[in-house]
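Heads up, what comes next is one protein chain in two forms, each shown on its own as structure tokens, labelled structure 1 and structure 2.
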Structure 1
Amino acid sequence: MASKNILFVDDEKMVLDGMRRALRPMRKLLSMHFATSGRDALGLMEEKPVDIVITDMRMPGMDGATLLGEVKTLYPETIRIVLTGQADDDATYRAIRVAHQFLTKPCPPDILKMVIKRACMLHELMAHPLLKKAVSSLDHLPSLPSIYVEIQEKINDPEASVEEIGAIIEKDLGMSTKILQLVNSAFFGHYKNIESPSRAVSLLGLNVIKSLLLTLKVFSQCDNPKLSSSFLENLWNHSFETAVFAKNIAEDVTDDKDISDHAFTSGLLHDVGKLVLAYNLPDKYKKAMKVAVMEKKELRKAEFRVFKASHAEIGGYLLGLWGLPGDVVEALSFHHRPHQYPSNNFSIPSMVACADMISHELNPDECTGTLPHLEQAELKRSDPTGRMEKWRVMCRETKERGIE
């Protein structure tokens, strides 16, 4: 990997000095730059492209959120990370909208190194010339749905109630019907009779509802007469199933609700790249599907041949532009090669990969090309205690219950 330009911004010079020293072991991977204010940072970026920005939040003059907002519009491919000493302040909420990652001081050096390594990988993927070429051939990248933005803004208002968020969803009648249909399906356990979006939010959590909404909206944005309805339907069913399975798996390995929520969101969106490709270039995508079937290949390999990029990178790229959480962006980009994802443990990309594989195994007819293949290394990482078998059983049961 070429060395990455990383820019640290903090009004305390000592923080920068410490950073420079602590990250010295990564000097082959990183070319480090430093700025003590938002203005200096933007000035520096004008002169030389920066791949990753890590900024403090509160600084004299321009604060971190404002800086990252600027970076987002001026250099959308730059990975944006916040490292703040103050996690409970409204500026922080603003930052969540413009940052891929949110870290708090003091951040242990090994975590910082891990996050930077991931950011480098992600940037490598997103900035790959072939991917960029593929993306530039797409005329219509779906935009971040306005209802999602509206909800996001509501969440930032600490006074906002679940009812108010429910009311935003209710305004969109089609959405609210679909959401209620989904949450009442047995996939989510045995709630049934959830009559209102606000009830759904309080039972399943805002993150789950938000990502359902986002994905449904993107699917409806990409409804194109050139795409067969069975393609869309299969893709939706597979996405939803993968989301539920990934959540199940996450809940089996961790109690961290953020992780299981992100696993759900990642599962739901994991193949959004397929949708984007097929919507923009339907004929070429049909060709890729044909190649996969004829040559008995994995679909993503056929995509590579046709587009010089696969749906995984395209999806990650899109979510990166939207500013979705770094975890989700990474999970998308790496869901077909989780073994390459820098992590010490069984991480979200692996959860999605396993969920994806199980979903395909359970619906062999709907899989175009051969089943996705999981690296031996990854299976080992996830399966030291026969978990994979357990998950297969668990997911099959969920599916059967869901169809009931």
Structure 2
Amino acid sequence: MASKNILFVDDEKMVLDGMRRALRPMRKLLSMHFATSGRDALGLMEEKPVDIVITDMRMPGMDGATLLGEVKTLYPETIRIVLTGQADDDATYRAIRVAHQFLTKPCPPDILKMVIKRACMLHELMAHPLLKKAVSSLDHLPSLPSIYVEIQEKINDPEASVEEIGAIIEKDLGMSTKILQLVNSAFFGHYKNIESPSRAVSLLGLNVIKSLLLTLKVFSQCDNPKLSSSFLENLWNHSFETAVFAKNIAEDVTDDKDISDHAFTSGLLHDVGKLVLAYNLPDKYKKAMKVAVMEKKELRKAEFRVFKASHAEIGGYLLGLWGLPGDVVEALSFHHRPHQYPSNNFSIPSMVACADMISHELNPDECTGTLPHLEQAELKRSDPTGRMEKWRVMCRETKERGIE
């Protein structure tokens, strides 16, 4: 892995000196730079490209949120991380729209090292500059208009419960992804590896959800006229169906509730990369869809033809960038190639792959291009005793009963 340029910004020189000492063992991986103000940081970035910037929130003159806003505009491909000790501070709330990840201050050295290593690996993963820029510049994902209206109405209902709002958010890719980004950061507390959107809503509470929706406008309905409503409806319906099927499959092979919950969330988010590509690069994505139909290819292969990456890698990169748990990031990245996942067991990527395939088989008219299929190596691992047909029957019956 090539050395990465990382910039630390803090108005206290002692803090910067401490970071320099703590990260000395990583000096072969990092080319470290330091600035004591936001203005100095921007000046340094004019002279030298920076892959990762980590800034304190409270600084005189230009605070961390303002600095990261400038970095997002000028250098959208840079990974942006903020250090904060105040979850309810106005500046910290503003950082929600500009920071990829949030860390507590003071940050334990082992946590800081882990976050930096992960950021370096992510930066290495996304080699295509156009895609890196498109994904890194995102601060939210658009929501289906009908769900956006529903959540607005429920937020304004004084009788609404956390459970009701969580159930709505869990049906939406954009809201679920953003909520999980926040709850898995240090922003609202020391929650780690929360993979259920409804659980995340419960932890954040109604007041925070209202602030995100009404004040900060972190959630927004899709406003891109180049995206058809049928594309979005099909994407959301397929994602939720895959989530339910993945959970059904997980419950059939294990009694571990955590695995079942992780399978559901991974299934729900498995196609978030399609939303990223279609929303940010709609003309090119239409081209990929056309290639899939005309040449009778799987859509992921047509995407690779056009973008040099598929929605699986794009989705995994975004969720990794936003600090979501590794299980979900890996499931997204490998759900079309679970046979390459480094595990001898029937893994969550395999569960999502099977659920995705079955969902498309049950809705062939809604699939762009040819139906996805499992590689022979994965079939041998996933279906040693003919259980694939059992899952097909099980999922078909679930669909006929009505998925809720």
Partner chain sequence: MNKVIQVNKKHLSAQTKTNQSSTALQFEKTLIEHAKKELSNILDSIPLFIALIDKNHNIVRLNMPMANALGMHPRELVGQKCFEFCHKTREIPDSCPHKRAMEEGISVTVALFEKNLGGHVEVTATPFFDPDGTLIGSIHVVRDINKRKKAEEEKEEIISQLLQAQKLEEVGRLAAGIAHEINTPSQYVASNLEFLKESFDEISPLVNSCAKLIQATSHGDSTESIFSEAEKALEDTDWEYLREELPLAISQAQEGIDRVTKIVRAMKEFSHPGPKEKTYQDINRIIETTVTISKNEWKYVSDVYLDLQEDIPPVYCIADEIGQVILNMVVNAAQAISEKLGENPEGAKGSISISTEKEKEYAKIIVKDTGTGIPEDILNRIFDSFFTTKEAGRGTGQGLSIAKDIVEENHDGSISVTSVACEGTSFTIRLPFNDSAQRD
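For residue numbers, the reference is structure 1: its sequence is counted from 1. What you see is a predicted model; the values in this text were computed from it and never measured. Think of the rigid core as the biggest set of C-alphas that the two forms share within 1.5 Å after superposition.
> Quick check: structure 1 or structure 2 for the form predicted together with the partner chain?
Only structure 1 fits here, because that chain is the form predicted together with the partner chain.
> Superpose on the rigid core, then tell me if the C-alpha of Q101 is displaced by 2 angstroms or more between structure 1 and structure 2.
Shift at Q101: 2 Å or more after core fit.
> H238: with the rigid core matched between structure 1 and structure 2, does its Cα shift 2 Å or more?
Superposed on the core, H238 moves its C-alpha less than 2 Å between structure 1 and structure 2.
> Quick check on G43: with the core superposed, does its CA move 2 angstroms or more between structure 1 and structure 2?
Indeed, G43 is displaced by 2 Å or more.
> Enter the rigid core superposed C-alpha shift of M57 between structure 1 and structure 2, rounded to one decimal in Å.
A shift of 22.7 Å.
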